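In structure tokens, one chain follows: the form predicted on its own.
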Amino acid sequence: METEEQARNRFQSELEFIQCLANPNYLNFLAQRGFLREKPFINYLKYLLYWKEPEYAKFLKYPHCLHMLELLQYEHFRKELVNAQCTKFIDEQQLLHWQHYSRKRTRLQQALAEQQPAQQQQQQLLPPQHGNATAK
């Protein structure tokens, strides 16, 4: 049975490792070194799927790693990662996704900021309400 300190160290190590999976260049490195062909390593990737559970996923800074972890469950994907062109394509797609997400988020925040003053002005124009309007 592992001690609390050992459990904490394992948690931290697995957290760091799983987040590295968001980096396509690291995946390419693992593929070129043959790790993605080794059965024990593939089993370890299967074991790490527990990080998809909300109580663990909340600790991730790079949630994209969960998508990569899911893709790593497929042999075809693991084989393709040896190819530098495949890795470059994934890297470019990630960058485009992040750029689109950032632009979309900025536009949403601007729209919300513009709505707030308009709502405040509308509230100021409304006549004050007095107690029970139906009682005369």
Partner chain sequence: MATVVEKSTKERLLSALDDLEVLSRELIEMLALSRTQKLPQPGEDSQILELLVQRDREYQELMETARQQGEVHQEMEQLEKEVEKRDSDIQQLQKQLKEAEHILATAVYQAKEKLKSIDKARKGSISSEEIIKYAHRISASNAVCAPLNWVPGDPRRPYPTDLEMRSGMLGHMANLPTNGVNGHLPGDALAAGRLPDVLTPHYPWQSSDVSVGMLPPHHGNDFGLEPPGHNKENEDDVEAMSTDSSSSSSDSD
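Numbering follows the first chain given and starts at 1. The structure displayed is predicted, hence computed values, not measured ones.
Beyond what is shown, the protein has a form predicted in complex with its partner chain; the following relates to that form.
Proximity of Ser13 to its partner chain in the predicted bound form: non-hydrogen atoms within 4.5 Å are present. At the 4.5 Å threshold, heavy atoms of Asn9 reach its partner chain in the predicted bound form. Contact check for Asn43: a non-hydrogen atom falls within 4.5 Å of its partner chain in the predicted bound form.
By the criterion of a heavy atom within 4.5 Å, Ala57 is counted among the residues contacting its partner chain in the predicted bound form. Contacts to its partner chain in the predicted bound form (heavy atom within 4.5 Å) from stretch 21-40: Ala22, Asn23, Pro24, Asn25, Tyr26, Phe29, Arg33, Lys39, Pro40.
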